[in-house]
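Presented as structure tokens, the chain that follows is alone, the form predicted on its own.
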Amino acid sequence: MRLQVFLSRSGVSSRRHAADVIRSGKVSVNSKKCLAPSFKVDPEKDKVFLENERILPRENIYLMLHKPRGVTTTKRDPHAAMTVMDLLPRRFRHLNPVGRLDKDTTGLLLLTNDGGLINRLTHPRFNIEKVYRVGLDKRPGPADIKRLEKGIDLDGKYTAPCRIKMGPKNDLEITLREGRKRQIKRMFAALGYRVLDLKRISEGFLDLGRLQQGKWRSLTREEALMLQR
């Protein structure tokens, strides 16, 4: 990988700042000073030093958490009774949530130290599908379902097309490829419905399965590789 990427993934700095560090002459590869951010290094074989300190590859960690209601999706918040980090062992509290779930929303939340993956999973151009189970105060009619699937105006911008699958009573599943702030609640509110319960059940190929609320698990090696691809 490029030296700039190696330094960023090892936690030295952001990718942009890593380029400046390299050009400053503070980085050497196999005892030779390197000034090129694009210089290719093999993390398994090459020895990279920042001044006199060797930089080792940082292990990427991927966790899936079943977020309960009432827990805030943030690393630190002095006003929050509980954050998602409080549900993890101390050794994982350096991880970052991938996106966010509202305080009263439950379900699948990924956490990782892989900044590149966070960007790919949260940037709209990658079109990652997320499926939510929604409980409404009343059952929507077919016309409203079609309007929502086609896209409705929120703050002067139409939502992207989505898919809705009706369930029993007032329940449904909605599949989105975007994630505006409180989007699902606002979409249904625009047509006169109130969301009583909201749960994210899958993201991309990952789903909660039998993971209980408040519990977490590490992704398998196969799952992590599929995410990276």
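Since this is a predicted model, take the numbers as computed values, not measurements. Residue indices: 1-based, along the sequence shown.
There is another form of the same protein, the form predicted in complex with a small molecule; it is not shown, and what comes next is about it.
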**Report entry** Listed residue (137, 86, 129, 102) with a non-hydrogen atom within 4.5 angstroms of the small molecule in the predicted bound form
**Finding:** 102
Requested in this report: Work out which of 183, 202, 28, 170 lies within 4.5 Å of the small molecule in the predicted bound form, going by heavy atoms.
Outcome: 183
Query raised in the report: Applying a 4.5 Å heavy atom distance criterion, does residue 65 contact the small molecule in the predicted bound form?
Result: no
Query raised in the report: If you check in the predicted bound form, is residue 198 within 4.5 Å of the small molecule, heavy atoms only?
Result: yes
**Report entry** Contact segment among 183-191, 28-36, 46-54, 162-170, judged by heavy atoms lying within 4.5 Å of the small molecule in the predicted bound form
**Finding:** 183-191
